[in-house]
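Just one chain is shown here, as structure tokens, and it is the form predicted alone.
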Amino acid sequence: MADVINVSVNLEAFSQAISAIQALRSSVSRVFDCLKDGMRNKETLEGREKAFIAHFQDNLHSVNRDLNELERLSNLVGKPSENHPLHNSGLLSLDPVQDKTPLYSQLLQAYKWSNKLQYHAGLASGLLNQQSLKRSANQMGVSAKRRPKAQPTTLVLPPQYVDDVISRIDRMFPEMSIHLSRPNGASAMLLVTLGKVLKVIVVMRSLFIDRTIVKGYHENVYTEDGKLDIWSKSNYQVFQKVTDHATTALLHYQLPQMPDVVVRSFMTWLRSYIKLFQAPCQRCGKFLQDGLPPTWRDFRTLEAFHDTCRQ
């Protein structure tokens, strides 16, 4: 992963500036040599003074000329861009032996990973706070004597309402079929078939989506006893990637006051995978990268991106 830092430096002017510095140093050295040597090689005092002054003035003019040239070149050289992702450590990318000391690329990878971790941790924290899962020792002691904790509203909706919401969503997307079942009582399980591309197992508690597993269209989604297999991963890396992105989407689409909108938004996002193997990446324009199609779909625009191109 080699990210290029934008360095707006005129290399030709930079080389000329180095030469100008060397010329300026030589001019200054000649000035001090002139002062050191003093008045020589003339018989009369007046002749020595005139020769010394003329020689000294020529050296000073040379210093002034070289200094002006250096100032002119310094304006042409420019300066490195200040938009380094890692501030001053971004200058490490200028190391010409990057292959031998890939320190900057490793720092940049760690920086992106920590940013992504912080983003997902924030989403998870917001979700847990909304579901009232945070407790403390004091709260546990006091709440036991007070009223019982109210159940989240998303978990106590009647099954008839859940069936009606899923039925409306099923009619919204002709290319998507949704089969609802309740093998374990009131909790619903959905088998979503998206064209001939993929199948998705959605585990729900009322209208709260608890878990999703994405598999290929021709993969088996049932266990030996005929129940939906909610634990086995897909055998294909592309659908494992889509499963990870679907889990991220569950954290993104959160609106406890309107759970039907959450489910409909998630299904709309899931429907964008109808062209999983046909849509090119919106950033690099390629259909395949490292042998995989663009598996990421933007939550707002639903555009396709490779996992490494979406940053």
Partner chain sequence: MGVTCVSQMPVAEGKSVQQTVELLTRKLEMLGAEKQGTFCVDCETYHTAASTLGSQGQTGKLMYVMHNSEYPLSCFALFENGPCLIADTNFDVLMVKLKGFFQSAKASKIETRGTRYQYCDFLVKVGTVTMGPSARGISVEVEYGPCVVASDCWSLLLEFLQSFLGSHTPGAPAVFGNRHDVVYGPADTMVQYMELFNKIRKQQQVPVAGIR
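Since the structure is predicted, the reported quantities are computational estimates derived from the model, not experimental observations. Residue numbers count along the first chain shown, from 1.
Separately, the form predicted in complex with its partner chain exists; it is not shown, and the next lines address it.
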Out of 235-243, 164-172, 110-118, 206-214, where are the residues with a heavy atom within 4.5 Å of its partner chain in the predicted complex? 235-243
Within 4.5 Å, heavy atoms only: does K50 come near its partner chain in the predicted complex? no
So in the predicted complex, is its partner chain close enough to F299 to count as touching (4.5 Å, heavy atoms)? no
Using a 4.5 angstroms cut-off on non-hydrogen atoms, would K286 count as touching its partner chain in the predicted complex? yes
Taking the shortest heavy atom distance, is L24 within 4.5 Å of its partner chain in the predicted complex? no
The single option of R72, K196, H179, R182 touching its partner chain in the predicted complex, heavy atom within 4.5 Å: K196
As a check of understanding, the residue in N64, S29, Q278, Q57 with any heavy atom within 4.5 Å of its partner chain in the predicted complex should be identified as Q278
Which residues from 288-304 come close to its partner chain in the predicted complex, meaning a heavy atom within 4.5 Å? L288, D290, G291, L292, P293
